[in-house]
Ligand code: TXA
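The form predicted alone is given below as one chain in structure tokens.
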């Protein structure tokens, strides 16, 4: 299959491009679309063959469920049912946006999408291209991240092409994603509500709407069915081994120096460490200021992919501090490091 890469305006998408992509969706093909979080691999949620193609194209286990994307709440009619009382307020507050809500699955929706669970993850993305494609397709779209399974998520069209060229019909390339990490997933089918995956919408923000909210930290193996995506232990991982550090700046610098003395490394550092790294001759990619969680989130996956392409023996990175989206970055790094965190004295 030849994959068509189509550049498209992020704010004013060309309707001919949208129509071409929607025609692929109608034919049961796969289209990568930009969202505000990461690029998603879209297919008709009501076409079982198309849904199966997503798992095949990504190499994704069927135990890892998919998120259903909608353009308006009217599309929920045959996706979810028995809406919990908190749903309307959450949707009014955070949609369109980077929040996925776990709801009771409508009986008409295939459990192929939900890994056999009777709940379904639903989101309304805040991106003009994604919304236009969903509307033009006249159906909800399932759309996991548009990458090979367990690789760092794609935040540009070229990231998608690197992983999926020849496996999918089209990529709508609208430039870099605004947020850079996947949506928050909250389960409101239980009380108190549970955050199953952290993202740009923080626990603090959700608590203003829901009251008490629990963050689920349990990790799963690929063989275990998950109620929501992003819960597997190994995820978002580069091919190059990644060393994740937890500790103060001085301890991090000592550890990086030791690693640099032993092998060819790249340090995904923060702005505060760039001068030090330069004086020591350590290769770096800067993710932004250590206190700027939003910039770190935007930079993370692109940096992991770029570092992976350079043939280093080791990628080294320290956990960012702070709350909000920085907590989501820590979660992604924990999974990229397969749960191994080096806590420094």
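Numbering follows the first chain given and starts at 1. Here the structure is a predicted model, which is why all the values come from computation and not from measurement.
Heads up, the form predicted in complex with threonylcarbamoyladenylate isn't pictured, but that's what we're talking about next.
Enquirer: Please state whether every one of the three residues 299, 303 and 329 places a non-hydrogen atom within 4.5 angstroms of threonylcarbamoyladenylate in the model of the complex.
Expert: Not a single residue of the candidate spot has a heavy atom within 4.5 Å of threonylcarbamoyladenylate in the model of the complex.
Enquirer: Which one of these stretches, 157 to 165, 178 to 186, 249 to 257, 71 to 79, sits within 4.5 Å of threonylcarbamoyladenylate in the model of the complex when only heavy atoms are counted?
Expert: Heavy-atom contact with the partner occurs in 178 to 186.
Enquirer: Flag residue 169 as yes or no: does it have a non-hydrogen atom within 4.5 angstroms of any non-hydrogen atom of threonylcarbamoyladenylate in the model of the complex?
Expert: So residue 169 does not count as contacting threonylcarbamoyladenylate.
Enquirer: Would you please decide whether residue 140 lies within 4.5 angstroms of threonylcarbamoyladenylate in the model of the complex, comparing each non-hydrogen atom pair?
Expert: Flag for residue 140 set to no.
Enquirer: My question is simply whether residue 144 lines the interface with threonylcarbamoyladenylate in the model of the complex - judged by any non-hydrogen atom within 4.5 Å.
Expert: Yes.
Enquirer: Can you tell me if residue 197 lies within 4.5 angstroms of threonylcarbamoyladenylate in the model of the complex, counting non-hydrogen atoms only?
Expert: Residue 197: yes, in contact with threonylcarbamoyladenylate in the model of the complex.
Enquirer: Taking 4.5 Å between heavy atoms as the contact cutoff, choose which of 134, 201, 102, 269 touches threonylcarbamoyladenylate in the model of the complex.
Expert: Contact check passes for 102.
Enquirer: Of 307, 31, 66, 318, which one comes within 4.5 Å of threonylcarbamoyladenylate in the model of the complex, counting heavy atoms only?
Expert: The option sitting close enough to the partner is 66.
Enquirer: Counting only heavy atoms, which residues in 18 to 57 are within 4.5 Å of threonylcarbamoyladenylate in the model of the complex?
Expert: Heavy-atom contacts within 4.5 Å come from 35, 37, 38, 39, 40.
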